[in-house]
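The chain below stands alone, shown as structure tokens; this is the form predicted on its own.
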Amino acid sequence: MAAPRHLPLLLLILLVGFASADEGGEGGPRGRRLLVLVDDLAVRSSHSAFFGSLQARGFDLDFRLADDPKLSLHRYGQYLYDGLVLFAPSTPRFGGSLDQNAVLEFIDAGHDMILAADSSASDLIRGIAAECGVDFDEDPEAMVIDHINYAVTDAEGDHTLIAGDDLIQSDVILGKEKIEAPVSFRGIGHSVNPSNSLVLKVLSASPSAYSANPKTKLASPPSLTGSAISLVSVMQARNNARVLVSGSLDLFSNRFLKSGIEKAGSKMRYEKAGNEQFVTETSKWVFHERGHLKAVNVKHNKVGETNEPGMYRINDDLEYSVEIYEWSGTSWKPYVADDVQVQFYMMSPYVLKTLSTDNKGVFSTSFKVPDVYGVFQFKVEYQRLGYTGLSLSKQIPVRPYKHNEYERFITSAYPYYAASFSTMGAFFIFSFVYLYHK
């Protein structure tokens, strides 16, 4: 009997399905669909080098005007995009169902965003940035000015084109390769709250910079001065959503990415500014191509056993282990660190141990269960600059000894044993003397 003609087609579909499943199992931590909002479609060509780098890394970009009446981030309860690139600084309102609250809900759902502003930034853009922990200068005409650390140009200019080189010291955010050339920046400055540990300044202004209107004379001291001015900041929320806020849209432009730069007072001229490397590396971090951790295979058991018990007894010796991997941009690699700790926790930590690693992703330790019974938790709370946070917890009860599990004779009770037998012996001697003494 001849095989059905459609059998090879079914086999092909099954093979493709299995291949897709395998790729999904090794896939990255984030999707690749990005919505790019611009207030002028000319931005698509003027910033094509940056968009091209995203597409070369596998991202699918959907370019839309910010006032498009059909704009929507989700449909039927599902988000249509995994990230947002907001290059529409002057837009007063979004089109369709998109507004400030929708953008914030998008971030609250764990998605990422790059926001670029300039001197034309609208209240809408300023409001979104403020909700992300970044406050732009209240003066709508203000720009960052630096009369010492400016970029040398053919024209004298107003020194608003800054050569920034005060970068955050983090290989996770900026990559392992050092950015040698200064970064060209022209735009508005912002401040971050020092007590807000979620927001970090990635590119800061120099101590000689200040924020003011370059077209007018200063009538009063500027509100933002020196290193307190942040040019580019990032925020990683508690749900590991990442946001980059830049006070310059030109920072991402082809002109700034390809042009050379010379810092005032320096004799060295760079053929290319550090912008291309800077925006590429920071965008890798924002979209979780770097610095994303995952924990799998959390295990605990008694020493010498392999099965996980449902309950421990006080003073048991136990082992705890967890596997932690880091996304390298193409695959999951073993994470190596010496500062991962586990807590054995009930209201407060009774045991705090640093986990040792085998450099293959496995972190482990062993300890003795404290002499306290109750409901405990194994807790791992790991926060490290630039990395996604890990929060692991596993509940386990601890019981006391059963009545038949105590030692027959307890060493610490020997004095009480001696006291009991000496009392009985003394009573026997007293009775004998009392009865038979004349």
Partner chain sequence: MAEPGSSTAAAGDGGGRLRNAFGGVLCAFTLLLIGVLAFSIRLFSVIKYESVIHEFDPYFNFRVTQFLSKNGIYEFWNWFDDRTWYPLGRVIGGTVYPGLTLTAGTLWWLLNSLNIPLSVETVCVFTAPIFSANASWATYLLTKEAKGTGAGLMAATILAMVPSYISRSVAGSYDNEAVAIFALIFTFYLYVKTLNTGSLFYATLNALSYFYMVCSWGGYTFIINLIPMHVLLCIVTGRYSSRLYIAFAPLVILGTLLAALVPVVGFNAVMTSEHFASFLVFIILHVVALVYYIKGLLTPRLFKVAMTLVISVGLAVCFAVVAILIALVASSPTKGWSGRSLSLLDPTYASKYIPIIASVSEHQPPTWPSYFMDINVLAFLIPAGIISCFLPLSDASSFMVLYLVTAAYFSGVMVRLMLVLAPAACILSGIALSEAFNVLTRSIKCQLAKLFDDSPAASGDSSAESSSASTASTNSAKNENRSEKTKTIPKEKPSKNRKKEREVAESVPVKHKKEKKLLVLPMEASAMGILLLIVLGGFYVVHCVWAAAEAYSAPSIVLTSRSHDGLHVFDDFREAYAWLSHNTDVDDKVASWWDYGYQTTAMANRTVIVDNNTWNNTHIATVGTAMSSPEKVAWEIFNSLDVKYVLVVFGGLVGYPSDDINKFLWMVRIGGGVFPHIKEPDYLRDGNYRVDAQATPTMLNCLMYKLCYYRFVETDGKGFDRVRGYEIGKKHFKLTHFEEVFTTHHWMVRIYKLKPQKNRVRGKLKKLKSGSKTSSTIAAGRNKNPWQ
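All of these numbers come straight from a predicted model, not from anything done at the bench. Residue numbers count along the first chain shown, from 1.
Below, we turn to the form predicted in complex with the partner chain, even though it does not appear here.
K.L.:
With the partner chain left out of view, which of E308, D158, E138, E180 would have a heavy atom within 4.5 Å of it in the predicted bound form?
P.N.:
It is E138.
K.L.:
Though the partner chain is not shown, can you say which of K263, R186, H292, R126 has a heavy atom within 4.5 Å of it in the predicted bound form?
P.N.:
Residue within 4.5 Å of the partner: R126.
K.L.:
Applying a 4.5 Å heavy atom distance criterion, does S191 contact the partner chain in the predicted bound form?
P.N.:
Yes, contact at 4.5 Å.
K.L.:
Is it the case that D358, even though its partner is missing from this view, gets within 4.5 Å of the partner chain in the predicted bound form, heavy atoms only?
P.N.:
Taking the distances in the predicted bound form, the answer for D358 is no, it never comes within 4.5 Å of the partner chain.
K.L.:
In the predicted bound form, does K402 come within 4.5 Å of the partner chain, counting heavy atoms only?
P.N.:
K402 belongs to the contact set for the partner chain.
K.L.:
Taking any heavy atom pair closer than or equal to 4.5 Å as contact, tell me whether Q100 reaches the partner chain in the predicted bound form.
P.N.:
Because a heavy atom of Q100 falls inside 4.5 Å of the partner chain in the predicted bound form, the answer is yes.
K.L.:
Within 4.5 angstroms, counting heavy atoms, which one of the listed stretches 60 to 68, 392 to 400, 409 to 417, 44 to 52 is next to the partner chain in the predicted bound form?
P.N.:
That would be stretch 392 to 400.
K.L.:
Do any residues of 345 to 382 have a non-hydrogen atom within 4.5 angstroms of the partner chain in the predicted bound form? If so, which ones, in sequence order?
P.N.:
Contacting residues: M346, M347, Y373, G374, V375, Q377.
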